[in-house]
Each structure stands twice: as C-alpha cells, then as structure tokens.
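Quick setup: one chain, the form predicted alone, written in structure tokens, and binding and motion questions come after.
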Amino acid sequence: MGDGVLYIRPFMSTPKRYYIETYGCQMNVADAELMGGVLRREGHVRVDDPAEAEVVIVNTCAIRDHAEQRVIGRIGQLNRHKLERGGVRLGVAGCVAKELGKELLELAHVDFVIGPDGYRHLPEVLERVDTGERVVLDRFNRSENYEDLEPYRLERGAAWITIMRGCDKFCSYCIVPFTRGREKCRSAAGILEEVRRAVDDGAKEVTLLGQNVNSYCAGEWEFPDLLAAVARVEGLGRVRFTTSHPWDFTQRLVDTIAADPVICRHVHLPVQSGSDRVLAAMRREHTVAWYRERVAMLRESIPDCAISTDVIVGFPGETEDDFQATLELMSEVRYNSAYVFIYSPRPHTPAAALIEDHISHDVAVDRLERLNEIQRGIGARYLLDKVGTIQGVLVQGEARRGEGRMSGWTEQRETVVLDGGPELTGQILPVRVTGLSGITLHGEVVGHATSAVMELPLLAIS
C-alpha cells in the first residue's frame, strides 16, 4: 500500500487506452485535460468508453456529500470492468481522492488514488500499479503549479486555463482548502504562453480558472493586470473568468472589464446568503452592504453585465428572517442565473461542528424550492428579453438532440441551439435569437464571423 510519497524511477511502460470520467466544477474539467496531456505525452491513448479502456480514472468532487456519494457509487459500477476484463486498472483522482486517501483502496476497491497535486506522476503511478502495488499519492505539494505541462483539450473553440490552485479563504462550510490546499498562483508568463498556444490551436474563448481568481497575485502581477494582458492576445475572441470572491472584487477589476470588449460581460459573484449574521457564521469576510456595492459598481460601469451567483440555504442556525433577507437580495439583484444548494456538512470544516444549530431537511428543501421559484421567474424574464436580439454565439458542437442542429453559448454563457452542421464548430457567429424553450435559447445565424471580436447589441438586466 502506498504511503503518499512517490519514489520516482524511469518510466518504461506499454502505452494503454485510458478513460477519464469527470464530476464537479470547471477546475475538475481542466484537471482532466491536464491528466490527459500527461498521459498522451507518454503514449497513452484516450477513449470515450470505459469498456474499451485499460485504465479507468474517476475525477471526483467533494464539495457536497451528495456529490461524493454519487462518485463513490459510480466507482463501484466501474469496478465491473476489472472483474470482467483482467488487467484493467481503476483509479480515483481529485478532491475525494485527497479527502479519503487510502480509505478508498478498501472502500471502493481501486488500484490507485491520486490527489490534485499528483497528476504529473500519473505515468509512474501506472507503472507501479502494473507491478501489483496499490498506490496512494495524496499529499499537497506547495510548489506544484503544472507550469510546464500541456493539457489535452477536449473542446473545440474554448479552453480552460487554470491560473491558480487552492484557496486561503477558509469559509466555514468549504472543504476546498483541505482537498486542494492553500493558494498557489502560476506565473503570468506561463499563463500567457498557454493562452497563446490555445489560440494557435483554434481556441476563440478562454476561461481563467481558480477557486478565487481575483485574489491572483504573482510578483508585480495582480488579477486585473493578467486579465487585461490575456485580452490582448492576438486572435482571442473572448476571455471570461470564474470564480470571484466579493471581498477581492475591486473597482480596478470592474474598470478592466469595462475597458476591453474581449472580456465577457458576465461575472459570477457568489453571495451565499443575504443575511449578515449567516455570512459572519460562514466566515465569508464580506457583508451584504459590501456585496451590494460590488453589484452597483458593475451595473454603473457595465450596464449590460450579467451577474450569476451561488447561494446556500439551510446553513446551521439560518432563521426564517435570514432566509427572507436572501429572498429580498435575489429579487433586488435579479441574477441572470443562480446555483442554489442545501448546506452539506463536510469533514474538517468548522461549520460541521454546529450540530445544535442543524436545520431540518424539510425546512431546507422548502427554502430551496422557494428560492428557485423566484429565480426561475427572474431568469425566464432575462432570457425572454433576448428573443429578437442578435448575440455572438460560440458554436461548441452538435446539439444534444442532434437532427442537424448545433449548440453553443452567448457571451453571458446562455445555451443557444441553432441550425447548421459541424463546420460551424469553434466559430463565434452572429445569431438572431428566435425563441426560448425552458432555459435554452433558439436562434438562426444571420451572417459570418469576420473578426475575433464582434460588436453586438446586448440588453441590460432589468
């Protein structure tokens, strides 16, 4: 059994077919591409079906207990490939790998466990597994930023660029500092070079990723400096970023967004609660008044900027008055979209000890439904206001239902389905929005992309 330390020896192994199944946030998607790049460099070949793979990796999320239990169940299902085909290796990567470590060897009957700082060593891990060893590589590495590794990008036209890893905020409910470690920022030079390579490979849009991107700081570079420099990369049509923390959201950042049309008019700004009392218990650092000021800064400088958010309901001790304050804030800000979750106790976090303040499941579900009902109405009105407008749409590929239709997203990240074929993939096209079905816009191409940046009319959020 591994002890969390990797003893590196020269890698000599037969190339294998590998399959990576990813759960969770965009950081996990980027990590899957990073693992793919490491494996491809050593001659391993990606497949889309676990039944064809000799190495199966489940890339996991631990942000909520439900997500964790889901992936553990999925690992159990994938174990059948080991039983049915001799020689198949099954591994767990990501946040659950770091959280549970060697427990997964017995809990899920896997061959290897590799945490977020160990992906560089996947080839050596597979070599050790081939000798019959079961490996756990789950320790943090304060110097690992994967600066020199090239990801294996899976999307055409768009690229995920991780600019920093980990988080120093230690919100009382959040497991991220315990599964991804403290903040580590990549060099600006390395990030800009990766963006240039992605654009050379056909990316029209890049997303800068981090648990808290606007706290990025590397030498003399702060996040607004980096964002402005990325926007100036020749050939890039769009740059967006996620996720932001209100405490680090500055007027300088707002001015940077406003100054360059390449930077998307869409900001994800998690509030988590509309109650100062709950925010203090969450250790969020910001108050509701501070948050309102950030929103006002955005709306004043960039009237057409879409704002999305995250909200937790049922946090320990949340009263009906606290919840009503959240409802009022949602109605006031009028987010274009919101991700609403029931509080989930996570190991190692201070909030998990607040057992006496536990909110019943029925109350939490009721609050979730009430909040979602309000947001559905706001979101539907926001999308209906886009019908009849022309939007720049980055075409990503065939629509889910196919039948000669393609799918893409707007600058504000709304999904649009339109007529067309695979030749449209990877282009940013002017699309007239003709209708709405659920939360999906429908449209028709009205011209051709003639430049990376398209000047298109956008609607302010009412």
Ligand code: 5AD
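All of these numbers come straight from a predicted model, not from anything done at the bench. Start at 1 and count along the sequence shown; that's the residue number.
Omitted from view is the form predicted in complex with 5'-deoxyadenosine (5AD), to which the following refers.
Q.
Can you pick out, from Pro270, Gly392, Gly157, Gly237, the residue that has a heavy atom within 4.5 Å of 5'-deoxyadenosine (5AD) in the predicted complex?
A. Checked against the cut-off, the match is Pro270.
Q: Go through His245, Arg153, Lys386, Arg346 and name the one with a heavy atom inside 4.5 Å of 5'-deoxyadenosine (5AD) in the predicted complex.
A: Exactly one residue meets the criterion: Arg346.
**Q.** 4.5 Å heavy atom contact, Val230 and 5'-deoxyadenosine (5AD) in the predicted complex
**A.** Flag for Val230 set to no.
Q) Taking heavy atoms only, is Ile312 within 4.5 angstroms of 5'-deoxyadenosine (5AD) in the predicted complex? A) Because a heavy atom of Ile312 falls inside 4.5 Å of 5'-deoxyadenosine (5AD) in the predicted complex, the answer is yes.
Q.
At 4.5 Å between heavy atoms, is Tyr173 in contact with 5'-deoxyadenosine (5AD) in the predicted complex?
A. Taking the distances in the predicted complex, the answer for Tyr173 is yes, it comes within 4.5 Å of 5'-deoxyadenosine (5AD).
(Q) Under a 4.5 Å heavy atom criterion, is Val433 part of the interface with 5'-deoxyadenosine (5AD) in the predicted complex? (A) Val433 lies outside the contact set for 5'-deoxyadenosine (5AD).
Q: Would you point out which of 393-401, 417-425, 59-67, 433-441 contains residues with a non-hydrogen atom within 4.5 Å of 5'-deoxyadenosine (5AD) in the predicted complex?
A: So the stretch in question is 59-67.
(Q) Going through 202-220, which residues have a heavy atom within 4.5 Å of 5'-deoxyadenosine (5AD) in the predicted complex? Please give them in sequence order. (A) None of them.
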